[in-house]
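The data below hold one chain only, encoded as structure tokens and taken in the form predicted alone.
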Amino acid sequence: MVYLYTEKQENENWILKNDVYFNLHTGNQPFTEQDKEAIFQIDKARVTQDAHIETKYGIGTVRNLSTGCKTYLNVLKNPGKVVGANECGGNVLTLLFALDDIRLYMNRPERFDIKEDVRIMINDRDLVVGKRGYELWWSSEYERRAKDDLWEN
């Protein structure tokens, strides 16, 4: 199940600044084989033995990973925390929504591939299934926001 939150909260169980959190915490942890595969799949980067990354552009540090890749790794390495996914592209969102028992914050919809059997609990109230359920929920949410004049800045 993917737990999706659309209303922002700021507390210690929420990671809203993925770059900063990754650079201070997640990036200092050892990378598992799953982490390394994700880094290659998302950023086409290989992790070297000394924990640098190698891309077609050269050698860099893990701080040079994309925000989407950092977000994905923040989710993997911080189970139970809600991680902001607003800066992720469709490639990373597709990977995230294929994981089980994760928590994400998104205050607006994005278009990406979601498997039809993925169960998504939105704001701990609404259970939807698959891409169709996700898109229908966001359609009704946008209608509600427009009617109630509840647009976030």
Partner chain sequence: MIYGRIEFRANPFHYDLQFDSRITLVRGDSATGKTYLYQLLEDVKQLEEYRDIRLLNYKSDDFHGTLKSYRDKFIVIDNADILLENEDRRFINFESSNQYLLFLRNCDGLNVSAESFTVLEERRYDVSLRKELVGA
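What you are looking at is a predicted structure, and each value in this text was computed from that prediction instead of being measured. Numbering follows the first chain given and starts at 1.
The discussion below concerns the form predicted in complex with its partner chain, not included here.
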item: Residue stretch of 115-123, 46-54, 30-38, 84-92 approaching its partner chain in the model of the complex, non-hydrogen atom distance within 4.5 Å; value: 84-92
item: is_contact(I42, its partner chain) in the model of the complex, heavy atom dist at most 4.5 Å; value: yes
item: Proximity of D19 to its partner chain in the model of the complex, heavy atoms at 4.5 Å; value: yes
item: Y142 within 4.5 Å of its partner chain in the model of the complex, heavy atoms; value: yes
item: Non-hydrogen atom contact S66 with its partner chain in the model of the complex at 4.5 angstroms; value: yes
